[in-house]
Ligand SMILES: Cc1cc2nc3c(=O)[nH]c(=O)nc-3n(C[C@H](O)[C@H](O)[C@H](O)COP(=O)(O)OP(=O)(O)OC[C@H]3O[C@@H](n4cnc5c(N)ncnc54)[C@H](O)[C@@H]3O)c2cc1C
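Given next, in structure tokens, is a single chain: the form predicted alone.
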Amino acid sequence: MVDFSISEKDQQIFDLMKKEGLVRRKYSRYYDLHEEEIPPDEFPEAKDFPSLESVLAGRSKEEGGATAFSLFASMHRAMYGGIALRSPNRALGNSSLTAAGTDEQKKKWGNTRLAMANTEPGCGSDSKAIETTAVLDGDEWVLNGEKIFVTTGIKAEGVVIWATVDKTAGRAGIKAFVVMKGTPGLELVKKEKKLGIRASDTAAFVLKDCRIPRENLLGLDESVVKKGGGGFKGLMMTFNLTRPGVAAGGIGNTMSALEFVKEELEKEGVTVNYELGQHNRTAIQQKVIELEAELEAATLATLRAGWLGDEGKPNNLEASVSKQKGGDICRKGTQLALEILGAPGITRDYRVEQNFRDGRITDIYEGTGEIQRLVIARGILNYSAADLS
């Protein structure tokens, strides 16, 4: 049985996450307006707070799964601020390392912040269409290609590059390689300026005859086995780890916008009466209740995906359900918050306009909402990729 009840110890930790989040909120607008600056890993006011990683390290199985708990905590942190803090050694590439790396590779790069470079100008969300190549030359891999929209690409110490070792093999030829910053041939060519999540740096890279050691291939499996997708299948497990986290962040961002709206409504003497029937409520009251219901559904879907991961069970379908639901509610919920507030909502006097801008990416990165629907259709209806093309 899945139990998502919160213990007294859990609540104490969530209260700490809230305090940390309020520190982040204090700086959030500054870094939104100064996109050229990179926020520090932590701010002075938060230096004595325990990191989420240290909390999870001391968590017993009886106290609940680490993944589901971290998703709970991510919602709390995202609710109170838009700057990622206290994860000095983690980025999306670290999830690839966790999913596909050998024990020795995890030990070597486990404390290294690794970005993940998957998206290319010509393939978007279609990972199997990657054009970046990796050719084995003696004891070195030679990489050539272009990567865009690399989250934490500037701040990271290294990048996990997805490349093909055999274009004729399709997805079976896709492998992941660790390329450290400073490696000749890895060129940072652009820092993106974005609509939202401006405190999170996004970069573009070009690889020109970039040589890396042979052992930098994650998993060290050089074979191309066309049946079953080869290394690509294992690497896609990265998204099973990260998609629920993206959903959790989007849910927390929407909770932040809803919290602000309810506070503003109360200032005007408008409270939500949950006892009245639907036809006796005002339109605004009904909208708030419906948004809360959608948030609850998204939260439960996300926590279930995390719980399955903690139990060592397949969660590919559930991870996509959580990502689709979390991205959808973040996009629609923050827009609804703007609509309820009216014209003042789009000004910088209210934080909701930033919630709206920051939330839009939730339905796009880590696989768009459309991609998630395809994954869900394949999982539920047993469709093949050809059936949905």
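Numbering starts at 1 and runs along the sequence shown. What you see is a predicted model; the values in this text were computed from it and never measured.
There is also a form predicted together with the ligand; it is not shown, and the following applies to it.
None of 209-217, 102-110, 148-156, 276-284 except one has non-hydrogen atoms within 4.5 angstroms of the ligand in the predicted complex; the exception is 148-156.
Met116 is the sole member of Ala298, Met116, Ala163, Val246 with a non-hydrogen atom within 4.5 Å of the ligand in the predicted complex. When you look in the predicted complex, the only residue of Lys262, Lys194, Lys191, Lys167 with a non-hydrogen atom within 4.5 Å of the ligand is Lys194. A residue is said to contact a partner when one of its heavy atoms sits within 4.5 Å of a partner heavy atom; Tyr365 meets this definition for the ligand in the predicted complex.
Residue contact check for Leu92: one or more of its heavy atoms lie within 4.5 Å of the ligand in the predicted complex.
The ligand in the predicted complex comes within 4.5 Å of no heavy atom belonging to Val375. By the criterion of a heavy atom within 4.5 Å, Val23 is excluded from the residues contacting the ligand in the predicted complex. Residues of 327-362 placing a heavy atom within 4.5 Å of the ligand in the predicted complex: Ile361 alone.
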